[in-house]
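Here we start with a single chain on its own, the form predicted on its own, put down as structure tokens.
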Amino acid sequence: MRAFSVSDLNSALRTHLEGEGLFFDLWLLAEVVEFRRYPSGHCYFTLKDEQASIRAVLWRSAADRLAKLPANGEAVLAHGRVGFYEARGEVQFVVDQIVPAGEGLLNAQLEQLRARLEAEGLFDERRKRPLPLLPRRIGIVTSLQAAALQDMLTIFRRRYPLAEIVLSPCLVQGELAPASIVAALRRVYAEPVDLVILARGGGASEDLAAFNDEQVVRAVAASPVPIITGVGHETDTTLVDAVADLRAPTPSAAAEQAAPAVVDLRQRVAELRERAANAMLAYLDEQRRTIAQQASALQRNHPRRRFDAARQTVDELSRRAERAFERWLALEQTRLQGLQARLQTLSPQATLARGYAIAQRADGHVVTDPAQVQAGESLHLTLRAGTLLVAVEDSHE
């Protein structure tokens, strides 16, 4: 025989109990007693009726989502699952949603759906898309018999007659309304529209139940273009409002949000025209200043100016060269005059002019020594003014 430990037994009980799908997604109508919230944020209490009770736990993550925690002695409607605490071998009810019993099961289910859709990110503000400024085709999903439809069409004719209205009728109340709304949305999504309006007039909260239906909410979230909801009166809110790109307080307000007023458009166009004209004038002034600056730069850097400057430089260099040549020539003339004077001083003519003569024998040799000639020999004497032919009578040193 095999003996189990208490731990083994409790573990097996937990696996068996929590593995049964029967004990998930339960609603309990009970009274709260022994309620206590610990510093950890978790809440522990007991749910009881006239014949029985069960321990319950509300984890911090679920407690933080509640607008108000339950009080001891309060009748509540609690949603959750059956759990098993192995350490003490106790069955407990793990609560994820709890509301006062007076609100009813329908409101509790609505809050549970809201929490689930929010956890999926369907209400995230980052999903919101801006509305088109000038929609050409606007889809409207509503009832053909609704007074809200005529109100919206009147607003479009008055404010923005340029838009083409694509109507996709549906039921907006009753058990068949959710499926009808989903079908109407899908029909209008198949059209080339720029914007969609989902609307219905005011009514009691149960009249608006179709707009809290999960399938309708998901159909609104799946819109390929921006979608505006205008459901009920200003104080009415539904789940489709949370998932739409824009929530309008009424159908008429939805039409005004979707359709810019023609008079406002004219004023806007006039403002844009004025801004464009001012911008163009400023641009032209800037271009004129730029062109003037560039023209001035071109004038400063024009090749003719460089040529004129180069030509002036050449002229200046030519004048400097000419002056340098004149100075050099004057110096050379002075030097030549000095050389000429020296040459004249050393010239034989100058010597002859002082009374000297040059004696040459008949063969042309200059006589520099008396021993070079003999008595009776003829010599040519060159004087300053002419030549003499003389005969040598005697020679001595």
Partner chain sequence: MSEPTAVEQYETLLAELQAVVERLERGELSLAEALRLYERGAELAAACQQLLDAAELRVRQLDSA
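Numbering follows the first chain given and starts at 1. Keep in mind the model is a prediction, meaning the values are calculated, not measured.
The protein also exists as the form predicted in complex with its partner chain; that form is not presented, and the subsequent description refers to it.
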Query raised in the report: Wondering, does residue 192 line up within 4.5 Å of its partner chain in the model of the complex on heavy atoms?
Result: yes
Query - Contact flag, residue 77 vs its partner chain in the model of the complex, heavy atom cut 4.5 Å - result: no
Report task. Determine whether any heavy atom of residue 242 comes within 4.5 Å of a heavy atom of its partner chain in the model of the complex, and answer yes or no. Result -> no
Query raised in the report: Does residue 91 make contact with its partner chain in the model of the complex, using a 4.5 Å heavy atom cut-off?
Result: no
Report task. Look at the stretches 318-326, 281-289, 247-255, 214-222 and give the one with heavy atoms within 4.5 Å of its partner chain in the model of the complex. Result -> 281-289
Query raised in the report: Taking its partner chain in the model of the complex as the reference, which of 116, 266, 311, 129 has a non-hydrogen atom within 4.5 Å?
Result: 266
**Report entry** The unique member of 167, 82, 146, 122 whose heavy atoms fall within 4.5 Å of its partner chain in the model of the complex
**Finding:** 167
Query raised in the report: Of 147-183, which residues get within 4.5 Å of its partner chain in the model of the complex if you count heavy atoms?
Result: 153, 156, 157, 160, 161, 162, 163, 164, 165, 166, 167, 168, 169
